[in-house]
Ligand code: NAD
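Presented as C-alpha coordinates, the chain that follows is alone, the form predicted alone.
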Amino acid sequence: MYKLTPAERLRMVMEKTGLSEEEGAWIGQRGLSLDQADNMVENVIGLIQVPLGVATNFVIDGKETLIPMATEEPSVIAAASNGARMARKEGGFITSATDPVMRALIQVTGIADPQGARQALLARESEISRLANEQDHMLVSRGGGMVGMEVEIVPTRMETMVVAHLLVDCRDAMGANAVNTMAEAVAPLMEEITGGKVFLRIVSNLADRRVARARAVFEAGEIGGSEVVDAIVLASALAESDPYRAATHNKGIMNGVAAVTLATGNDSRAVEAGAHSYAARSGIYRSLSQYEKNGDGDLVGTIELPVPVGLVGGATRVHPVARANVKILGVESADDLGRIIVSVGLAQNFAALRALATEGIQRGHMRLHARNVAVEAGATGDAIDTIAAKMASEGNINLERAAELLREL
(Lines give C-alpha, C1' and ligand atoms only; values in the text may rest on other atoms or scores of the structure.)
Protein backbone atom coordinates (compact mmCIF):
# COMPACT_ATOMS: atom_id res chain seq x y z
CA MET A 1 0.00 0.00 0.00
CA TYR A 2 2.84 2.40 0.78
CA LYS A 3 3.81 2.43 -2.90
CA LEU A 4 0.42 3.90 -3.93
CA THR A 5 -0.57 7.54 -4.03
CA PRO A 6 -2.95 8.80 -1.32
CA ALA A 7 -5.82 8.82 -3.83
CA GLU A 8 -5.05 5.23 -4.86
CA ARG A 9 -4.88 4.11 -1.22
CA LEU A 10 -8.24 5.71 -0.49
CA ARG A 11 -9.79 4.03 -3.52
CA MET A 12 -8.47 0.67 -2.35
CA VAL A 13 -9.89 1.20 1.16
CA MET A 14 -13.26 2.24 -0.29
CA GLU A 15 -13.42 -0.93 -2.38
CA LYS A 16 -12.40 -3.16 0.55
CA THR A 17 -14.76 -1.66 3.12
CA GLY A 18 -17.76 -0.49 1.09
CA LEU A 19 -17.34 3.22 1.70
CA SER A 20 -19.59 5.34 -0.49
CA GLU A 21 -18.28 8.05 -2.78
CA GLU A 22 -19.51 10.66 -0.32
CA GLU A 23 -17.75 8.97 2.61
CA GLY A 24 -14.57 8.76 0.55
CA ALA A 25 -14.86 12.45 -0.24
CA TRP A 26 -15.18 13.29 3.47
CA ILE A 27 -11.90 11.50 4.14
CA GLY A 28 -9.93 12.58 1.08
CA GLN A 29 -11.18 16.07 0.34
CA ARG A 30 -13.80 17.70 2.50
CA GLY A 31 -12.98 16.73 6.08
CA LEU A 32 -14.68 18.67 8.84
CA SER A 33 -16.30 21.93 7.79
CA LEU A 34 -15.92 25.15 9.76
CA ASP A 35 -19.67 25.18 10.45
CA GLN A 36 -19.55 21.64 11.80
CA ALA A 37 -16.59 22.52 14.00
CA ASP A 38 -18.43 25.59 15.30
CA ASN A 39 -21.17 23.30 16.57
CA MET A 40 -18.71 20.96 18.31
CA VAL A 41 -16.59 23.31 20.47
CA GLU A 42 -16.52 26.92 21.58
CA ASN A 43 -14.96 29.99 19.99
CA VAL A 44 -14.01 28.22 16.76
CA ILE A 45 -11.60 30.11 14.49
CA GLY A 46 -10.40 27.33 12.21
CA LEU A 47 -9.23 23.74 11.92
CA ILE A 48 -5.96 21.90 12.39
CA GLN A 49 -5.47 18.74 10.37
CA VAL A 50 -3.79 15.55 11.54
CA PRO A 51 -2.64 12.95 9.00
CA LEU A 52 -4.98 9.98 8.70
CA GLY A 53 -3.39 6.72 7.58
CA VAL A 54 -4.39 3.08 7.43
CA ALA A 55 -2.51 0.26 9.16
CA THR A 56 -2.59 -3.06 7.30
CA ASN A 57 -1.97 -6.76 8.01
CA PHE A 58 -4.21 -6.98 11.08
CA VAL A 59 -6.09 -10.20 11.78
CA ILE A 60 -8.18 -9.75 14.93
CA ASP A 61 -10.20 -12.69 16.21
CA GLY A 62 -9.91 -14.27 12.77
CA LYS A 63 -11.11 -11.19 10.89
CA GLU A 64 -9.03 -9.13 8.44
CA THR A 65 -9.24 -5.51 9.59
CA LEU A 66 -7.96 -2.24 8.12
CA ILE A 67 -7.12 0.20 10.91
CA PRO A 68 -7.56 3.98 10.41
CA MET A 69 -5.05 5.87 12.56
CA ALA A 70 -4.80 9.62 13.10
CA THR A 71 -1.30 10.67 14.16
CA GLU A 72 1.37 13.25 13.40
CA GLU A 73 4.29 10.98 14.34
CA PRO A 74 6.32 9.24 11.63
CA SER A 75 6.78 5.45 11.88
CA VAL A 76 3.70 4.78 14.01
CA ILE A 77 1.47 3.41 11.24
CA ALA A 78 4.34 1.57 9.56
CA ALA A 79 5.36 -0.02 12.87
CA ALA A 80 1.82 -1.14 13.70
CA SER A 81 1.46 -2.69 10.24
CA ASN A 82 4.80 -4.46 10.59
CA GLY A 83 3.95 -5.80 14.03
CA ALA A 84 0.61 -7.07 12.77
CA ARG A 85 2.31 -8.76 9.83
CA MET A 86 4.59 -10.71 12.13
CA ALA A 87 1.62 -11.88 14.22
CA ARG A 88 -0.31 -13.22 11.21
CA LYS A 89 1.53 -16.54 10.95
CA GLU A 90 0.24 -17.66 14.36
CA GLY A 91 -3.28 -16.35 13.80
CA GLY A 92 -2.99 -12.67 14.62
CA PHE A 93 -4.57 -11.18 17.74
CA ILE A 94 -6.99 -12.98 20.06
CA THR A 95 -9.02 -10.67 22.28
CA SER A 96 -11.45 -10.59 25.18
CA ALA A 97 -13.25 -7.84 27.06
CA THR A 98 -15.34 -7.20 30.14
CA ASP A 99 -18.78 -5.61 30.10
CA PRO A 100 -18.71 -1.84 29.32
CA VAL A 101 -19.08 -0.71 32.94
CA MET A 102 -18.07 2.83 33.93
CA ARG A 103 -17.86 4.41 37.39
CA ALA A 104 -19.68 7.52 38.60
CA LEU A 105 -17.80 8.88 41.62
CA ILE A 106 -19.76 10.66 44.37
CA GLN A 107 -17.82 12.37 47.15
CA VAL A 108 -19.63 12.69 50.52
CA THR A 109 -17.99 14.96 53.11
CA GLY A 110 -18.69 16.04 56.67
CA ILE A 111 -19.32 12.49 57.92
CA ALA A 112 -18.87 11.85 61.65
CA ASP A 113 -19.29 8.08 61.33
CA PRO A 114 -17.81 6.97 57.97
CA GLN A 115 -18.29 3.24 58.61
CA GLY A 116 -21.92 3.78 59.54
CA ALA A 117 -22.48 6.00 56.49
CA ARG A 118 -20.90 3.41 54.23
CA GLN A 119 -23.17 0.65 55.51
CA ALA A 120 -26.23 2.90 55.32
CA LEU A 121 -25.55 3.60 51.64
CA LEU A 122 -25.00 -0.08 50.82
CA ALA A 123 -28.22 -1.01 52.64
CA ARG A 124 -30.19 1.26 50.29
CA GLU A 125 -28.38 0.33 47.09
CA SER A 126 -31.56 -0.91 45.37
CA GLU A 127 -33.27 2.45 46.01
CA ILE A 128 -30.24 4.35 44.71
CA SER A 129 -30.09 2.07 41.66
CA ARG A 130 -33.76 2.58 40.88
CA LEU A 131 -33.41 6.37 41.01
CA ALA A 132 -30.26 6.28 38.85
CA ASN A 133 -31.86 4.12 36.18
CA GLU A 134 -34.87 6.40 35.98
CA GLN A 135 -32.53 8.99 34.44
CA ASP A 136 -31.87 7.00 31.24
CA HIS A 137 -34.70 4.75 30.11
CA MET A 138 -33.11 4.32 26.68
CA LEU A 139 -29.90 2.92 28.16
CA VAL A 140 -31.86 0.56 30.43
CA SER A 141 -33.99 -0.62 27.52
CA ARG A 142 -30.81 -1.65 25.70
CA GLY A 143 -29.62 -3.78 28.61
CA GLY A 144 -27.51 -1.13 30.34
CA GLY A 145 -27.92 1.00 33.43
CA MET A 146 -26.65 0.90 37.00
CA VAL A 147 -25.57 -2.64 37.86
CA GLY A 148 -23.95 -2.18 41.26
CA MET A 149 -22.38 0.16 43.77
CA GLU A 150 -19.13 0.27 45.71
CA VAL A 151 -18.54 2.51 48.71
CA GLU A 152 -15.08 3.34 50.02
CA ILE A 153 -13.77 5.25 53.03
CA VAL A 154 -10.98 7.57 51.84
CA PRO A 155 -8.69 9.34 54.34
CA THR A 156 -7.43 12.66 52.93
CA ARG A 157 -5.37 15.58 54.28
CA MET A 158 -8.64 17.47 54.88
CA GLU A 159 -10.89 14.80 56.40
CA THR A 160 -12.01 11.23 56.05
CA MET A 161 -14.53 11.07 53.19
CA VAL A 162 -17.04 8.51 52.01
CA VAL A 163 -16.82 7.92 48.26
CA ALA A 164 -19.54 5.99 46.44
CA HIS A 165 -19.05 4.52 42.97
CA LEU A 166 -22.11 3.85 40.84
CA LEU A 167 -21.25 1.02 38.44
CA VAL A 168 -23.06 1.69 35.17
CA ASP A 169 -23.20 -0.53 32.10
CA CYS A 170 -22.99 2.01 29.27
CA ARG A 171 -23.48 -0.41 26.35
CA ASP A 172 -22.20 1.25 23.13
CA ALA A 173 -21.70 4.73 24.62
CA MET A 174 -18.52 5.97 26.23
CA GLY A 175 -20.90 6.85 29.02
CA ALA A 176 -19.64 10.05 30.64
CA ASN A 177 -22.89 11.96 30.12
CA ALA A 178 -25.02 9.04 31.32
CA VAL A 179 -23.09 8.40 34.53
CA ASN A 180 -22.75 12.10 35.33
CA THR A 181 -26.52 12.52 35.04
CA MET A 182 -27.10 9.55 37.33
CA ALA A 183 -24.60 10.86 39.88
CA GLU A 184 -26.32 14.25 39.95
CA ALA A 185 -29.70 12.60 40.44
CA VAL A 186 -28.75 10.40 43.40
CA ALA A 187 -26.61 12.97 45.23
CA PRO A 188 -29.52 14.45 47.30
CA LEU A 189 -30.62 10.96 48.34
CA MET A 190 -27.07 10.12 49.46
CA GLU A 191 -26.96 13.30 51.52
CA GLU A 192 -30.25 12.29 53.16
CA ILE A 193 -28.96 8.79 53.91
CA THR A 194 -25.58 9.84 55.31
CA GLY A 195 -26.24 13.27 56.77
CA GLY A 196 -23.20 14.51 54.86
CA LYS A 197 -22.62 16.96 52.04
CA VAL A 198 -21.97 15.82 48.45
CA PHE A 199 -19.44 17.78 46.43
CA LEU A 200 -17.92 15.94 43.45
CA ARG A 201 -20.30 13.79 41.38
CA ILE A 202 -18.60 12.85 38.12
CA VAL A 203 -17.35 10.00 35.97
CA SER A 204 -14.04 8.36 36.86
CA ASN A 205 -11.67 7.91 33.93
CA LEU A 206 -10.03 4.98 35.70
CA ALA A 207 -12.38 2.58 33.91
CA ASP A 208 -11.01 -0.55 35.58
CA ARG A 209 -14.30 -2.39 35.07
CA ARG A 210 -14.19 -1.77 31.30
CA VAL A 211 -11.06 -3.63 30.29
CA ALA A 212 -10.02 -5.10 26.94
CA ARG A 213 -7.26 -7.67 26.44
CA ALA A 214 -5.29 -8.97 23.47
CA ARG A 215 -2.80 -11.79 22.98
CA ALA A 216 -0.53 -12.65 20.07
CA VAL A 217 2.17 -15.22 19.37
CA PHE A 218 5.20 -14.14 17.35
CA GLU A 219 7.14 -17.04 15.90
CA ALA A 220 10.83 -16.80 16.76
CA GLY A 221 11.95 -17.40 13.18
CA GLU A 222 9.59 -14.72 11.93
CA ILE A 223 10.93 -11.99 14.21
CA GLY A 224 14.67 -12.66 14.01
CA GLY A 225 15.41 -15.73 16.11
CA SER A 226 15.70 -16.78 19.73
CA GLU A 227 18.07 -13.95 20.63
CA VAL A 228 15.42 -11.40 19.66
CA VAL A 229 12.81 -13.29 21.70
CA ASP A 230 15.10 -13.25 24.75
CA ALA A 231 15.93 -9.56 24.30
CA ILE A 232 12.23 -8.59 24.16
CA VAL A 233 11.46 -10.68 27.26
CA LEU A 234 14.29 -8.94 29.12
CA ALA A 235 13.04 -5.52 28.01
CA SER A 236 9.54 -6.45 29.16
CA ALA A 237 10.84 -7.54 32.56
CA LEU A 238 12.42 -4.13 33.09
CA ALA A 239 9.21 -2.29 32.11
CA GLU A 240 7.24 -4.44 34.55
CA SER A 241 9.45 -3.27 37.43
CA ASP A 242 10.93 0.15 36.59
CA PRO A 243 8.58 3.12 36.14
CA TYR A 244 11.20 5.06 34.18
CA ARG A 245 11.24 2.37 31.51
CA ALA A 246 7.50 1.67 31.87
CA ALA A 247 6.66 5.27 30.94
CA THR A 248 8.37 4.96 27.55
CA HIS A 249 7.16 1.38 27.06
CA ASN A 250 3.54 2.48 27.62
CA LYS A 251 3.99 5.58 25.48
CA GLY A 252 4.70 3.22 22.59
CA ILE A 253 1.47 1.38 23.31
CA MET A 254 -0.47 4.63 23.41
CA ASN A 255 0.98 5.67 20.02
CA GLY A 256 -1.37 3.08 18.54
CA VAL A 257 -4.20 3.34 21.07
CA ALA A 258 -4.50 7.13 20.84
CA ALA A 259 -4.29 7.13 17.03
CA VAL A 260 -7.27 4.79 16.63
CA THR A 261 -9.17 6.53 19.43
CA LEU A 262 -8.72 9.92 17.74
CA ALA A 263 -9.56 8.55 14.29
CA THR A 264 -12.93 7.28 15.55
CA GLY A 265 -13.85 10.54 17.28
CA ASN A 266 -13.45 9.19 20.81
CA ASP A 267 -11.96 10.95 23.83
CA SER A 268 -8.24 10.20 23.57
CA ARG A 269 -7.48 12.09 26.81
CA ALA A 270 -9.91 9.91 28.77
CA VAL A 271 -8.36 6.76 27.33
CA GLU A 272 -4.83 8.03 28.06
CA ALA A 273 -5.71 8.98 31.66
CA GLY A 274 -7.39 5.64 32.28
CA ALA A 275 -4.53 3.63 30.82
CA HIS A 276 -1.81 5.38 32.81
CA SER A 277 -3.74 5.26 36.09
CA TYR A 278 -4.46 1.56 35.46
CA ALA A 279 -0.73 1.02 34.98
CA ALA A 280 -0.17 2.49 38.46
CA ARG A 281 -3.00 0.70 40.28
CA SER A 282 -0.55 -1.45 42.32
CA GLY A 283 1.11 1.68 43.71
CA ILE A 284 4.01 1.42 41.25
CA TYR A 285 3.73 2.51 37.63
CA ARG A 286 4.20 -0.62 35.50
CA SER A 287 3.94 -1.74 31.88
CA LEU A 288 0.53 -2.42 30.35
CA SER A 289 1.89 -5.33 28.31
CA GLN A 290 4.00 -8.38 29.10
CA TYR A 291 6.12 -10.70 26.97
CA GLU A 292 7.06 -14.32 27.64
CA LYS A 293 8.71 -17.21 25.82
CA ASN A 294 6.44 -20.23 25.35
CA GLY A 295 7.38 -23.90 25.24
CA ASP A 296 8.11 -23.71 21.52
CA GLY A 297 10.55 -20.85 22.01
CA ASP A 298 8.19 -18.30 20.44
CA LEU A 299 7.32 -14.90 21.87
CA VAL A 300 3.89 -14.43 23.48
CA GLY A 301 2.70 -10.85 23.98
CA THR A 302 -0.29 -9.89 26.11
CA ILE A 303 -1.87 -6.56 26.93
CA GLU A 304 -4.67 -5.34 29.21
CA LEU A 305 -5.98 -1.82 29.68
CA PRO A 306 -9.22 0.13 30.13
CA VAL A 307 -10.79 1.26 26.85
CA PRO A 308 -13.71 3.61 27.58
CA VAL A 309 -14.81 4.27 23.99
CA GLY A 310 -18.18 4.43 22.30
CA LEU A 311 -19.97 4.39 18.98
CA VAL A 312 -22.92 6.58 19.97
CA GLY A 313 -22.84 10.22 21.00
CA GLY A 314 -20.06 12.78 20.88
CA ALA A 315 -17.77 13.39 17.91
CA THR A 316 -18.09 9.77 16.79
CA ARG A 317 -21.55 10.57 15.47
CA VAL A 318 -21.00 14.23 14.55
CA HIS A 319 -17.66 14.13 12.73
CA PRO A 320 -18.14 12.74 9.19
CA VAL A 321 -14.58 11.40 8.94
CA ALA A 322 -14.93 9.62 12.30
CA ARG A 323 -18.12 7.98 11.04
CA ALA A 324 -16.35 6.83 7.89
CA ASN A 325 -13.45 5.46 9.93
CA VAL A 326 -15.84 3.43 12.07
CA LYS A 327 -17.23 1.97 8.87
CA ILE A 328 -13.71 1.08 7.68
CA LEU A 329 -13.18 -0.85 10.91
CA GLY A 330 -16.43 -2.74 10.42
CA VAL A 331 -17.28 -2.65 14.13
CA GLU A 332 -20.80 -3.12 15.43
CA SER A 333 -20.30 -2.33 19.11
CA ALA A 334 -18.07 -0.40 21.49
CA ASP A 335 -16.80 -3.79 22.66
CA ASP A 336 -15.56 -4.53 19.12
CA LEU A 337 -13.81 -1.17 18.96
CA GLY A 338 -12.10 -1.68 22.32
CA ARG A 339 -10.74 -5.06 21.23
CA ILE A 340 -9.32 -3.55 18.05
CA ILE A 341 -7.70 -0.68 19.96
CA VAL A 342 -5.83 -2.95 22.39
CA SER A 343 -4.68 -5.15 19.49
CA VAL A 344 -3.19 -2.10 17.78
CA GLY A 345 -1.53 -1.12 21.05
CA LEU A 346 0.10 -4.54 21.33
CA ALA A 347 1.26 -4.52 17.69
CA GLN A 348 2.72 -1.04 18.15
CA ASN A 349 4.51 -2.02 21.34
CA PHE A 350 5.91 -5.24 19.88
CA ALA A 351 7.26 -3.43 16.83
CA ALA A 352 9.05 -0.90 19.03
CA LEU A 353 10.56 -3.58 21.26
CA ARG A 354 11.73 -5.60 18.26
CA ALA A 355 13.39 -2.51 16.79
CA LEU A 356 15.14 -1.91 20.11
CA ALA A 357 16.26 -5.55 20.20
CA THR A 358 17.65 -5.46 16.65
CA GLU A 359 18.69 -2.33 14.74
CA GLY A 360 17.73 0.16 17.42
CA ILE A 361 14.55 2.22 17.24
CA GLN A 362 16.18 5.47 16.18
CA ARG A 363 17.42 4.14 12.85
CA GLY A 364 13.99 3.18 11.55
CA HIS A 365 12.35 6.25 13.04
CA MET A 366 14.87 8.60 11.47
CA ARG A 367 14.43 7.05 8.03
CA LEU A 368 10.81 8.14 8.13
CA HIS A 369 11.67 11.46 9.76
CA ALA A 370 14.00 12.15 6.81
CA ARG A 371 10.98 12.60 4.54
CA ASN A 372 9.66 15.39 6.78
CA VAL A 373 13.04 17.10 6.69
CA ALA A 374 13.13 16.85 2.88
CA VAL A 375 9.68 18.46 2.64
CA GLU A 376 10.73 21.19 5.06
CA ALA A 377 13.67 21.94 2.75
CA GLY A 378 11.24 22.45 -0.14
CA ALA A 379 11.36 19.06 -1.89
CA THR A 380 8.30 17.86 -3.78
CA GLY A 381 7.28 14.74 -5.69
CA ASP A 382 9.93 12.09 -6.28
CA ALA A 383 12.62 14.40 -4.90
CA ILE A 384 11.28 13.80 -1.37
CA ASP A 385 12.12 10.08 -1.40
CA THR A 386 15.41 10.62 -3.23
CA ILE A 387 16.66 13.14 -0.69
CA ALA A 388 15.32 11.17 2.29
CA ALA A 389 17.02 7.96 1.11
CA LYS A 390 20.32 9.77 0.56
CA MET A 391 20.30 11.39 4.01
CA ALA A 392 19.35 8.09 5.66
CA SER A 393 22.17 6.22 3.92
CA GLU A 394 24.62 8.89 5.04
CA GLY A 395 23.28 8.99 8.57
CA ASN A 396 23.10 12.75 8.18
CA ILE A 397 19.49 13.89 8.49
CA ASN A 398 19.20 17.62 8.89
CA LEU A 399 17.72 20.62 7.11
CA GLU A 400 21.03 21.95 5.82
CA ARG A 401 21.93 18.65 4.12
CA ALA A 402 18.43 18.32 2.67
CA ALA A 403 18.67 21.80 1.14
CA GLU A 404 22.10 20.96 -0.30
CA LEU A 405 20.79 17.78 -1.91
CA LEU A 406 17.78 19.65 -3.27
CA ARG A 407 20.08 22.18 -4.98
CA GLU A 408 22.07 19.31 -6.51
CA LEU A 409 18.89 17.80 -7.91
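Numbering starts at 1 and runs along the sequence shown. Quantities reported herein were computed from a predicted structural model and do not represent experimental measurements.
Form predicted together with this ligand: not shown, discussed below.
Undergrad: In the model of the complex, does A173 come within 4.5 Å of this ligand, counting heavy atoms only?
TA: Yes, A173 is a contact residue.
Undergrad: Within a 4.5 Å heavy atom cut-off, is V203 in contact with this ligand in the model of the complex?
TA: Flag for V203 set to yes.
Undergrad: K251 versus this ligand, in the model of the complex: is there a non-hydrogen atom within 4.5 Å?
TA: Heavy-atom contact with this ligand at 4.5 Å: absent for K251.
Undergrad: Could you tell me if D267 has a non-hydrogen atom within 4.5 Å of this ligand in the model of the complex?
TA: Contact check for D267: yes, within 4.5 Å of this ligand in the model of the complex.
Undergrad: Mind telling me which stretch in 139-147, 189-197, 255-263, 154-162 gets its heavy atoms within 4.5 Å of this ligand in the model of the complex?
TA: Stretch with heavy atoms near the partner: 139-147.
Undergrad: Counting non-hydrogen atoms within 4.5 angstroms of this ligand in the model of the complex, say which of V312, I284, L122, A237 makes the cut.
TA: Only one listed residue qualifies here, and that residue is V312.
Undergrad: Considering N294, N177, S241, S96, which brings a non-hydrogen atom within 4.5 Å of this ligand in the model of the complex?
TA: Filtering the options by heavy-atom distance leaves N177.
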